[in-house]
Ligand code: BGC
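Only one chain comes next, encoded as structure tokens, the form predicted alone.
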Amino acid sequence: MLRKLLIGTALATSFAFSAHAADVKEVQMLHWWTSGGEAAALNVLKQDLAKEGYAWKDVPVAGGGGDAAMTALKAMVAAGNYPTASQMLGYTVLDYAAAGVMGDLTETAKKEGWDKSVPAALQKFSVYDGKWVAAPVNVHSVNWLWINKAVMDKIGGTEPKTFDDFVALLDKAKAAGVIPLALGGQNWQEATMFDSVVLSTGGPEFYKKAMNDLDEESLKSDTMKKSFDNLAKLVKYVDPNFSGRDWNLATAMVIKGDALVQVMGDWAKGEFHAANKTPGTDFLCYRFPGTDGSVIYNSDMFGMFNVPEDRKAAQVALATATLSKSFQSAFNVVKGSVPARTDVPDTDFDACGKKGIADLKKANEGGTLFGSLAQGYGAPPAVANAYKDVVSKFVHGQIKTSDEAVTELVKAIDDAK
């Protein structure tokens, strides 16, 4: 479908400008990084490119899950109005590459040795048909707890090692009159939390079978039912006003001490960083109970489009800056994520960042690095959207039981394939 929509514009646009036109000294970037921490992280790249003489044309489209941004991107590409690059997630990069509208960064990648420094899990989504079409910016992991340390101390809480420990900790917060769990009632947030619940409930092998391999027996198993039951337990600890809340507002609840904990990807740490909070002093970062040793990841990528010749120098400058060790360190320190290349030292990272880098290395080597289904790395977008829809309906009571949820999940994924 995407190929039919875009292929004509790919052919038309590639010849639209003369190769002899003067280079355009501007980078046009479409993205959904609009929170304080995200904007601060992106500013690192803007400053790097400004030093190279490139102006920055921002095309921000709000919405933490990126759905609105991808709708805007589809319209731009269909009109032949390609951005220099767009923030994208894995399977979306591959869809546009299959449609024939992506650029070719292979020469730059070879010169700079990306194939040796970027993990294979990321190359699966940034290389298409032997050509580099995207520059990985980071590796995010989603199986984190973010806890307000003052509230934790007040209730006498300790790090929860098991799911039952976590529920007991939430009970302590509730008894103390604090909102136990900060959650935004948007489908991508709910499904992101459920990713961790599934890994915690079923373990690494089960997560891979169910959420990456889409094995039907696993999807309809008693373990998946128990995962939904565990999700239902957590939902009892959110406040009544959670529906529709943006993720960064949920993070702010934890930062301010209005809530004890948020289950969210490590982009949440960017908000703590922007608020001048320090891990160990102001907040705590733990792996979701029962998932230590595994990493559920996503990666922000800058998908590079087949822009006219006069804009390609700017695109190469953007790609080079993005994969430079200095940017990978400076950006990810602010963003909360860890570098997309494995040869960046952890020197400038805080305690949570150092743990994230070490966890990624261990998971990558041990075979426990798994794509997040909620975040576009477990399965193609149609399947991920079906998954998010079912999880959200369960959270909001439109699906009443775990038996019904499993039935609906299997059907929705089958229909989406």
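Please read these numbers as outputs of a predicted model, since none were measured by experiment. Position 1 is the first residue in the sequence shown; the rest follow in order.
This protein has a second form, the form predicted together with the ligand, left out of what is shown; the following refers to that one.
Notebook entry, point to check: Given the pose of the ligand in the predicted complex, superimposed here by the C-alphas around the site, does the shown chain leave the site open or is it blocked by 3 or more ligand atoms within 2.4 Å of backbone or C-beta atoms?
Noted result: Judged against the ligand in the predicted complex, the pocket is open.
Contact residue in the predicted complex, chosen from R311, K335, R341, R287 - any heavy atom within 4.5 Å of the ligand: Exactly one residue meets the criterion: K335.
Only one of W247, W132, F194, Y82 has a non-hydrogen atom within 4.5 angstroms of the ligand in the predicted complex; which is it? None of the other options qualify; the answer is W247.
- Message: Does the ligand, in the predicted complex, lie within 4.5 angstroms of each residue among W32, G64 and W267, using heavy atoms as the measure?
- Response: Heavy-atom distance to the ligand in the predicted complex: all three under 4.5 Å.
Exercise for the section: Spot the stretch among 234-242, 298-306, 318-326, 108-116 with residues whose non-hydrogen atoms come within 4.5 Å of the ligand in the predicted complex. Expected result: It is 298-306 that comes within 4.5 Å of the partner.
ask   = Wondering, does H140 line up within 4.5 Å of the ligand in the predicted complex on heavy atoms?
value = Judged by the heavy-atom cut-off of 4.5 Å, H140 is in contact with the ligand in the predicted complex.
query: Would Y96 sit within 4.5 Å of the ligand in the predicted complex, counting heavy atoms only?
result: No - in the predicted complex, heavy atoms of Y96 and the ligand never come within 4.5 Å of each other.
Can you check whether A210 is within 4.5 Å of the ligand in the predicted complex, heavy atom basis?
Contact check for A210: no, nothing within 4.5 Å of the ligand in the predicted complex.
**Prompt:** Hey, in the predicted complex, is F166 touching the ligand, heavy atoms inside 4.5 Å?
**Reply:** No, F166 sits far enough from the ligand in the predicted complex that none of its heavy atoms falls within 4.5 Å.
| Heavy atom within 4.5 Å of the ligand in the predicted complex: which residues of 176-194 qualify? | If the 4.5 Å heavy-atom criterion is applied to the ligand in the predicted complex, 176-194 yields only W188.
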